[in-house]
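Presented below, as structure tokens, is a lone chain in the form predicted on its own.
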């Protein structure tokens, strides 16, 4: 006897192209023995990037407290563990009090949140003057940045006419989460040809259209550097966002998980641009990207600034977010420890520092070299254009010359079948009407990309 179940239609409405039909077809091909080059997802260690030695040495000792205690008593038995690793692991174990296997505070370890605040203040050159310093009690540790984004969206979307302003193209986490919460995604289109920049008219056009439909927009999402575009937002564009947020009474959700992936170009946080203006700001960061690439450990943080009061209660929005976090008991402990390592690193002058700096430099230089190789290949492809400064882990070229009746999904599927390259078509992220794009993650090994690019060029020019 078959059973039919009715499920939440909001769940059915969710889409996530990064793991959609093209990657699913790639999995079938791999199972059949075909060679696949996965450029569809920002998963560095899944594509061969080695973990940072310092991080993993610390984590291994934290997971083995008996060994940590033994080495603390007899440093001469340390073997491959530098003295500074043993010292820091001991301090972190003491700071946690309960180790890796127990529940923590719902907001996460206090000593880690304090480290996050110190990191933000040093990064942004902020101090307590004028109330600009980060407050550890306004920091929540989360299971990746995604966990923090979902908390904020769930809290802000209180009815079917509540909207969130989201860049198009956008990372599908936002469209999927807004659909699940029953809200309205209000898209705004950065200017692609000027490098995915923003101005007031772009934002206010979308806000005005939403208002005319009875939608109450409550926040604007900004991803910087961008995903899927990889573009680095300039400070002038950021100031336009802040101006519009002030005048339209919007909160800002700043997705800043790629702040290390700027490849020598300056980057500015929204905390620094907002300053002491009373604009609610929710900033997200994660251990999944940067040069660390610890996606599977699911560590991240959400920092809140200028938390507003909640209508009809004596609560602030931070207290509501903490209530949400308490339902999940706590974020995973290893992710929390990795956040601490991300925002501190090895101490200066220690044995671990030189290796750490060398590994960091090698990873970031390798990423930039791969991005440059792919962008150079685009110049050999008829009608392939890529705008904006390289950032994050992705390129989002525009396919300006596709055959009649063919879309970017058809192109990406054909590219997969012929070359084994797994990309994501632009429609999976949203794009301006009448345009076609694809997103390629420049994460596979350099030699593999170098080998496949001539095949892509040949395929493309024949296809178009």
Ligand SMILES: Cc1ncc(COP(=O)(O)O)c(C=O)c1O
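Numbering follows the first chain given and starts at 1. Everything numeric here is computed off the predicted structure, so don't read it as measured data.
The same protein also exists as the form predicted in complex with this ligand; that form is not shown, yet it is the one meant from here on.
Within this chain, residue 391 is remote from the site of this ligand in the predicted complex, having no heavy atom within 4.5 Å. None of the heavy atoms of residue 189 is located within 4.5 Å of this ligand in the predicted complex. Residue contact with this ligand in the predicted complex: residue 293 places no heavy atom within 4.5 Å of it. Using a 4.5 Å cutoff between non-hydrogen atoms, residue 340 does not count as a contact of this ligand in the predicted complex. Note on contacts: among 371, 165, 325, 223, the single residue with a heavy atom within 4.5 Å of this ligand in the predicted complex is 223. Only one of 196, 109, 171, 270 lies close to this ligand in the predicted complex, with a heavy atom inside 4.5 Å, and it is 171. Figure note: of the listed segments 357-365, 315-323, 202-210, 137-145, the one touching this ligand in the predicted complex, with heavy atoms no more than 4.5 Å away, is 137-145.
The candidate site formed by 227, 257 and 298 is fully in contact with this ligand in the predicted complex, as each residue has a non-hydrogen atom within 4.5 angstroms of it. Annotation for 281-315: interface residues with this ligand in the predicted complex are 286, 288, 289, 298, 299 [heavy atom within 4.5 Å].
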